[in-house]
Each structure stands twice: as C-alpha cells, then as structure tokens.
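First, one chain by itself: the form predicted on its own, in structure tokens.
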C-alpha cells in the first residue's frame, strides 16, 4: 500500500537544553507507515536547531510571536499556505495554543486541519485553575495560590509553609526553601512570563509523567507513563524509562473520559510515600519526550495526524515496559548563508 502524501507544518523546533516537542513529533510522523510527509518548520527564532536539521525539516519559515496577535500570526500562516498547501498544522507550545485554537475554524477554511483542545479545555487546565480542575474531575491536586502583584506576595509571605514550588504562568518552576529564595524566583518568573505567579504546595515523592492522546469524545487513543531518570537544571527530563503502572493509566483514562480531552496532553504527577497520586500540571500538547512513546510502540504523533484528518484511529492497548530514552547534544554545522537567508527573507 502506497503512503498518503501530506504537507505538515510544525512548531517547537527549539531542540536545545530546554527542548520543544517539534523534533520528536516530526520523528514520529516520519516513522509512519501510512504517511509520506513533507515537513514545514514554523520557527520563532532564527537559531532554533530544527530549522537546520535538513534530514527532518524540508523547509522552514519564520512566524511572529503569539504576543503579536492572532490576526498577524494568521496572515503569516495564510501566506505560507499559499506556497506550501499545508494539510495539517501541529502547534507545540503552550503559549501559542490560544491563538491557534482561536483561529482553528479560519485555518480549516484555508484547508489546514488541526486537532487541538477546545478553548474550555485549554482554560480549565491552567495551573491557576488546577484546584477547581481537581474538584471537577475528582483528582488529587496540591493546593495552589495565584499572585497578581508583589504586594499580594508580601502580604501572604508570613503565613507560607516552606518548601514551596514557585511556577511561571506558562513555563518554569523552582523550589523555594525560604523567603529569600521565594522572592528571587518570584521576580524572575513574573519578569519573564508576567502575572500570575503561582505558589504550589510541595508534595514529597517521585515525579512521574504520562503522555496521552484523547479523541475529543472521551476515548484515550494512547497513553504511556514515564519516570525521569536524569533531570537537567531546568527540570527537563534528559533520560526516562517507561513504567508498568496501572494507577497512572487509570487516572489518565479518567481525566480524558470525563473532560473529553481533544488532542495531545502530558500529565505531570507526584507519587507520595503512600502511593497517592497528585496531579501537579497538565500540558495541553504532546511533550518533548513523546518519541519515547513511539519507541515503546505507540506512535502518538501519527495518531494525532489521523485524528486531524478525520481518519479512523484505533486505540493503542499496550506499550513496551522498561524502554529507556537518553538525550544527547549534537553539533550541527551550517552555512552562514542559510542563517542570513532566514533572517532576510523569513524562510529557508
């Protein structure tokens, strides 16, 4: 059977020490036995390594930051689509999802398919809404407080119990063990991401993660749990191993069934000494370690493309346990002319 030819546009090409999901999503799609994909990279910065990975990305275009507004972003996508005839677009950053979800119908009219959470799903899983999310879907979560000003923090500081996690609006989390560390992390996060800055109750235990894909009707297409084996100073997994843990699979199925989650997701949880699971974060897209799921037998990027195209997508029922991933650094040698072309013309 011949493969179906597709043009797929993908963001998240920053394959650095704080990697985006774009490159592992691309690798999963290129492993597909169903699709012959031409990959269009959508980059925010000219030094995102994925731009120059010519064995993975066929052509790259510069796109404006989401802060420029949905209309400006959409005009750029419209221009790129006139050239490339994009079949499917997969955004991979939390901060850009609002714009793409908002524009999904306009993209559809251009002939571009997406498979994203609804706006309600996207909003209710925000870090500052996590306590309400836990109550709604009967999931244990640590207590979270949102702060919208320095004055609020100073007022609350005397009553805080340490240690406490300090979290940014979109990304980054730091453990503060005293008031001085709390203030330092607070300033760093609000200057980078703005308000609110969140303080989350510290739960002693082991962090575990699940990558999953929901069909939008309550069915879990696939789910693979993982424990980080090596963590960078940015808190990113540099090595991880798939787990045999029915409780993790059960809680994932419960959340997807009750919320009718649409698209990829990553659940971040803490398992305490009593084996209780606490949900600490939901990332509304496939994570940067998603290729571990592919290697373990669940090609979730391929399944995401199938869902976007409205194709029948069977549920994965198993995965390899004890499968390990290890990241590594690699020096790409590029021509200055390539960088200049992207800088001057916005495409390569």
Partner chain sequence: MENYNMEKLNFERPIIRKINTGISNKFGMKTEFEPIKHIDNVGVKGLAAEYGSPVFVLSEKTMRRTFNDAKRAFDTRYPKVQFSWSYKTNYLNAVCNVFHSEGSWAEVVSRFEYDKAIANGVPGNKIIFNGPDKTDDDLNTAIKNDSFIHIDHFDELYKLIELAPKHHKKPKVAIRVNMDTGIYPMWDRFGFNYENGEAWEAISKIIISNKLEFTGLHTHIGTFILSASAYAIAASKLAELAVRIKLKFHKDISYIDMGGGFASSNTLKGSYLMGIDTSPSFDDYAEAITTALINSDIDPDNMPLLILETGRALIDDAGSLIGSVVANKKLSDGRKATIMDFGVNLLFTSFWYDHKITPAQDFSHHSETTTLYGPLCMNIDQIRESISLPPLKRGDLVVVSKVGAYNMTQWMQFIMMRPKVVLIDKKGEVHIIRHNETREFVESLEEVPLHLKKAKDVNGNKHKHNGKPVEIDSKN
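Residue numbers count along the first chain shown, from 1. Since we're looking at a predicted model, the values are computed, not measured.
What comes next is about the form predicted together with its partner chain, which does not appear here.
K.L.:
So which of 41-49, 294-302, 24-32, 310-318 is the stretch with heavy atoms within 4.5 Å of its partner chain in the model of the complex?
P.N.:
It is the stretch 41-49.
K.L.:
Check whether residue 102 has any heavy atom within 4.5 Å of a heavy atom of its partner chain in the model of the complex, and answer yes or no.
P.N.:
Answer yes; at least one heavy atom of residue 102 falls within 4.5 Å of its partner chain in the model of the complex.
K.L.:
Test of understanding: in the model of the complex, would residue 183 fall inside 4.5 Å of its partner chain by heavy atoms?
P.N.:
Judged by the heavy-atom cut-off of 4.5 Å, residue 183 is well away from its partner chain in the model of the complex.
K.L.:
Can residue 236 be called a contact residue for its partner chain in the model of the complex at 4.5 Å between heavy atoms?
P.N.:
Contact with its partner chain, no.
K.L.:
Give a yes/no on whether residue 111 approaches its partner chain to within 4.5 Å in the model of the complex, heavy atoms considered.
P.N.:
Residue 111 lies outside the contact set for its partner chain.
K.L.:
Ok, 120, 272, 78, 152: which has a heavy atom sitting within 4.5 Å of its partner chain in the model of the complex?
P.N.:
The residue in contact is 152.
K.L.:
Which one, 174, 137, 170, 278, lies within 4.5 Å of its partner chain in the model of the complex by heavy atoms?
P.N.:
For this set of options, the contacting one is 170.
K.L.:
Listed by sequence position, which residues of 59-80 have a non-hydrogen atom within 4.5 angstroms of its partner chain in the model of the complex?
P.N.:
Result: 62, 63, 64, 65, 66, 67, 68, 69, 70, 72, 75, 76.
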